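Just one chain follows, in the form predicted alone, and it is written as structure tokens.
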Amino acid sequence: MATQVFKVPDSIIKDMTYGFCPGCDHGVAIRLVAECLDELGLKENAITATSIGCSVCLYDYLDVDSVEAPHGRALAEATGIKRARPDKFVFTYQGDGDFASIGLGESTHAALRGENITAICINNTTYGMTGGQLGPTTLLGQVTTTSPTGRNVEYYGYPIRIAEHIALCEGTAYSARVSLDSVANIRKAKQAIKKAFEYQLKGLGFSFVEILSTCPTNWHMTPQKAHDRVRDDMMKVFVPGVYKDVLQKV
């Protein structure tokens, strides 16, 4: 007798049309979020705030109540939602440009206040939806549409290490960076997302997961080469790991 080992999560909208670029890791990340919502029984009690960029498509795939925020303001909206409905499970799903550039003020102060919400940030080192411009996490030397000769320190400064930045905020209960470049790391990513969700359920404060992801279209790479880039280039600068865990004293 066959045993089912894989199914579409209950929190995924079943009749959606997949719209992400081939090889994009957003689909993997959203599936992990959905699996964690299912396993923790949060589907009917969750509200998500998405913002502008590829991450905004979350509500096309995730079957939970959603609010769309202006660019960078997802954590401001999430704060309002959680304060108005503290009984709800509230999380954001954002890109690195949204979270760490135009929304850096909202992101930082939500963490500093210790808002009991969870933020997930997809870091693909570029503005994916609008044409591949330089973003806050663009690597040194990386060519983008707005840094045609590569990012240099003198003109553009250094990329921000988001997980470390959020870990420095005293209201943060959990801050981790994970990657989706391999099956083993995908499993670790799910563990981090689930822990971040659990910390909100325990009322410990702000929880955050940064996810290293690919953008094959704007990187002008095949999906395989894009994942190689995550391993060979991104993970040397954005080192995966747990940067703060109030229960483990990390």
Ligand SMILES: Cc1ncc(C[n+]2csc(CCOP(=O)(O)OP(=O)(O)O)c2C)c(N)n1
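Keep in mind that what you see is a predicted model, and the values were worked out from it rather than measured. Residue positions are given as counts along the sequence shown, with the first one as 1.
Just so it is clear, the following notes concern the form predicted together with the named molecule, a form of the same protein that is not shown.
Only one segment in the set 54 to 62, 199 to 207, 185 to 193, 36 to 44 has any non-hydrogen atom within 4.5 angstroms of the named molecule in the predicted bound form, and it is 54 to 62. By the criterion of a heavy atom within 4.5 Å, His71 is counted among the residues contacting the named molecule in the predicted bound form. In the predicted bound form, the named molecule lies within 4.5 Å of some heavy atom of Gly97. Taking non-hydrogen atoms only, Thr145 never approaches the named molecule to within 4.5 angstroms in the predicted bound form. Although the partner is absent here, Ile102 lies within 4.5 Å of the named molecule in the predicted bound form, judged by heavy atoms. Contact annotation: of the candidates Thr126, Ser179, Ser175, Ser107, the single residue with a non-hydrogen atom within 4.5 angstroms of the named molecule in the predicted bound form is Thr126.
Residues of 1 to 34 that come within 4.5 Å of the named molecule in the predicted bound form, judged by any heavy atom, reduce to His26 alone.
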